[in-house]
Every structure is written in structure tokens, then in C-alpha cells.
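Considered here are two forms of the same protein chain, supplied as C-alpha cells in two stand-alone entries, structure 1 and structure 2.
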Structure 1
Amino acid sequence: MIDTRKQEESFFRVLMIAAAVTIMAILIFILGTIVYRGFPALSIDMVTKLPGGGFYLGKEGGVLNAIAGSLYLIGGSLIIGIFLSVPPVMFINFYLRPGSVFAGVIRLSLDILFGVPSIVYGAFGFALMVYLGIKASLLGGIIAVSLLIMPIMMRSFDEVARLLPRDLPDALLSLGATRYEMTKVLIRQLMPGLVNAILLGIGRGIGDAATVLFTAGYTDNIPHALNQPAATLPLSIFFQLGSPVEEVQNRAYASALILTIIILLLSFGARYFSSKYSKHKI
């Protein structure tokens, strides 16, 4: 009796360790594959030159168009995203009383919005652009991506705001500050959480292809105005991979490596920030 129990125990323990190791191995395998195929194709031209002779068939040049486009796109989306996500979080945490039903409803709707796939945001952005008469452009992409990253930024910022000790707002209010003045102080206290939310937002926004496919379009050039189409890194990977020319395909692998490196940096950055600042919190 004891024996079978022990055997069952060790059988499942081995199974669990195997599962955990498999997951780790998969991650290493993915990163390894991307580095292995991307690294030989990586060159300084990749990040400093536009694709020569068209992104689909031209063998020369790099993907500066996509890098610049992605940066413009994420920059614009972040500005709107911060504006859309910070005020509601402050409102539901510090204006409403704790345990408010309205706050609960907003949190639920955010959780649902977080699950809405990016292709739906893309389709919605497209419908909105048709309605407003905007063509596929940087502006269209910024609108769609800012809606995409809003829920993830709000959720992660909200998690930090919720954990803030209630004494701090209470102390501020008892000193005669208005709620608005209170939020201004609290924002400073919540800064690490906001930075973390921004990094998460960048990560989701810069890597997503389905949203910008409809809305931002694609081009060989760097956009100079909001109404021009903009290339993005994920789409440059996707389109160049479909090319019959080997050099272009290699460019796709190199772009995939660039995007992966950006994501890795963001992820480690977020980790660093949250560990560094969690020590100094009240």
C-alpha cells in the first residue's frame, strides 16, 4: 500500500519535472532558432538602410523603414494609451470607495478587452477609418494600436495602484488636499508601476501584426506625416518571408532577430524596474 503510494508520487513528480523542462526547452529552442537563422543575416545595413528595389524583390538594403515605422507607431500609441489608461485607474482606485461595483465592472470589461484578439482591433480600426475617411496610414495604425495596448496597460497599472497602502491617500486627504491634488502625489508614488505598464504596452504594441495589417499599411519609405502609410517590424517579417528571393527571406530572419532582441530588452527592463523599485515602496 505504502509502496504504490510512493511509486505514484515519484511517477508524477518525474512527469511534472518533464513538463516543466519541456516548456523551458521550447523557449530555448525558439530563441535558438531565431538567433541561428537571423544572426548570419544581421548587418549594420539592416538597421541603417531602406530596402533597395522594393521590400519584396529587392536584394539590397535593410529594414530601416520598418524600424522607424514601428517606433513612430508605438510612440504615438503610447501617448494616447497613457492618456486613456492612467486617469481611469486613478479614478477607480482613489475616487471611488473600495469595493465599488462600478470599479468591478470596469475591471471586468478590461479583462474581456484584454482577451479580444488583435485582428478584431484591426478590423474595428479599419471600420472606424472607413467611417472617418482615413486611408491606411500612421494615424490609423496609432488609433488601432492604442486601443490594443490600453487594456494591458490599464490592468498592469491597476494591479500596482490597488496594492498602494490606503494610509497614503487618507493622510493626504486629512491634510486638506483635494482628490485631484492627491492623485498628483500618488502618481509619483506609482511611477514604477506606470513604467512597467508602459514597457508591457510597448511589448504588445510593437510585436503585433494583425492590428497594423489593416490600419497602418506598408511602405518602403519612412513616413513623414500622420497621413502616410507606415511599415512595421512584424509586417516586414511577414511580407519578406513570403518573398521568393533568398536575400529578402534572410532579411526577414534578421528582422525577426531584431524584434526578438527588442522584446527581450523590454522584458528584462520591466523585470529590473519592478525588482528595483519594489524595495523602496512604502
Structure 2
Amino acid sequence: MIDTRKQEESFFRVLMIAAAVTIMAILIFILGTIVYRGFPALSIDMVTKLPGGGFYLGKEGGVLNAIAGSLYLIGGSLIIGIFLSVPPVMFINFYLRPGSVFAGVIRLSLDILFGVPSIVYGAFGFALMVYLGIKASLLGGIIAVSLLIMPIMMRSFDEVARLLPRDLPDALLSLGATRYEMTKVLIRQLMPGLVNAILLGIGRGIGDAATVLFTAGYTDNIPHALNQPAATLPLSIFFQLGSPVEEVQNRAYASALILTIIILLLSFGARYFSSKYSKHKI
């Protein structure tokens, strides 16, 4: 007699292995293409110089403006995103009663916002900028990217917060801790989850082009004020790939390689920061 359960187990094991191998193959193919096309075009000038005259036609220059603009943009967006994401998550998980209808409505709203295309956030940010009288600038890009990554960060942080034991806040309060002290302890316990939420925000925000297309503008210079336009690496890659010159197209892959390296460095830095706090977990 054939063991049906063993067959089902073997089938799904093969299916999971095939899915994992497919995902790894796609990742390797993407990274391999970027490295193969981009590494020969990568140079010191690419990361240390601004675009010169005719850069998009194959002449000298680099993408320092886009590197600085991307870092400014994601840095400002993360600051706003963290300060506006953590308090609501802490409130619905540790200040409202379990099963609260209000908390359910907030989570449903975040799920809807999570699936909104980035171009919609860019259009909304542009409309908001027009209403407030803000020109295409670094500030406009920060606002738009903040709106993009906040639902992602809040929903990811919320899922981790829901895994924390429900009796921990009561235990802290019973020991004489104030609400503020309780929140500090809870945030320390949730720090690895917050870091994961930040990593998701970095990955979505720093690599998005549609959101900043109408809000941050583009410039060959490094912005020195919030009201100045800012270039980003995704837009720089887009413009370079649109060039008919093969050398410029290869520079686009080099810019993509730079963007990948920046994301990896930020990820490793966040993981290191998280590991320091995870030592204090209960």
C-alpha cells in the first residue's frame, strides 16, 4: 500500500527546494549581470566626480551627485519614518485592549497603503507640494519617500510587536515602572524587529524611481539645502540606460552596482546595530 502522506511530504519538499533554487538562481543572475556589465565601467571617477558636460553622451564625469542625493533622501525619509511609525505601533499593541476595532482598522489601512503603487505616492506627493508651494526639491523627495516607506515599516514592526508576550507590559507596570519606562524596555526588546522594518524601508525607498520622479527633481550638483533639487541613483540609472551610447549604458550598470553596494553596507550596519541591542533581550 502506497503511503500517501509520505508522497505528499516528498512532493512538497521537492517543491520547496525547487522554489528556493529558483529564487537563488534569479538573484545570482541579476547580481551577475550587474557585476558583469557594471564592474568594467566602474572607476574612481564614478564615485568621486560630478557629471561633466556630455556625461550622458560618453564623456567624463561620475555620479557623485546621485550618490549624495540618494543618501540624503533615504536618511531624511528614515528619520521621519521612524518617528512617525514607532508611536502608532506601540499604541495599538500595548495601550489598546487586545482585539480592539480601532487597531484592526489601522492595520487594514496599512495593508491597503502597503499595496499602493509608488507612482501614486509620487503623484500625491507632487500634489501636496503644489498645495504647499514647495518646488521639486530634496524636501519634496523626502516627504514622498517617507509616505512610501511608512506603511511598510509600520506593518513590519507591528507584526513583530504582536509576537511579544502580552503579559510583559503588565509585569513591568507591576514592578513600579512608569508608562515611559515600560515603552523604553519594550522598544529595546523589539529592536531587532525595528531594524528589519528599517531594512525593508531602505530597500524600498532608496531604489525607487517613480516616487522621486516628480518630487525630488534632478540636478548634476549636490544639494546643499532642502529646497534644492536632488539627483538619485535610480533616476541616474534610468537616464543612462536611455542613452544610445554603449559606454553610458555600461555606466548605468556600474551605477546599479554602486546602489547595490550602498544597500548592502546599510544592511550590514543596521544588522550590527541590532546585534548590540539584541544582547539585552529577555
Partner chain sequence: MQKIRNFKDKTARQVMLGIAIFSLLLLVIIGTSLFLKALPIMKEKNLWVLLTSSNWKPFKGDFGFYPFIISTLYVSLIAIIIALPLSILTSIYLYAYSSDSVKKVFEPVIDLLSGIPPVIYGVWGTLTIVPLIADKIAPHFVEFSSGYSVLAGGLVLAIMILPLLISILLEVFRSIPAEMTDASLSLGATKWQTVKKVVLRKSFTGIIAATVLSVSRAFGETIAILMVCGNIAVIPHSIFDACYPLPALIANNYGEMMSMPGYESALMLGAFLLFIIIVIFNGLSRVALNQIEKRYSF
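Keep in mind it's a predicted model, so treat the numbers as computed, not measured. Counting starts at 1 with the first residue of structure 1 and goes up one by one along its sequence. Superpose the two forms; the largest set of C-alphas matching within 1.5 Å is the rigid core.
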### Query
The same chain appears twice here, once per structure, so which copy is the form predicted alone?
2
### Query
For residue 179, is the CA shift between the two structures at least 2 Å following rigid-core superposition?
yes
### Task
For residue 64, state whether the C-alpha moves by 2 Å or more between the two structures after rigid core superposition.
no
### Task
Return yes or no for residue 226: a CA shift of at least 2 Å between the two structures, with the rigid core superposed?
no
### Message
Give the rigid core superposed Cα shift of residue 28 between the two structures, in Å, rounded to one decimal.
### Response
2.4
## Note on the structure
Core-superposed CA shift of residue 13 between the two structures, in Å, is 8.8
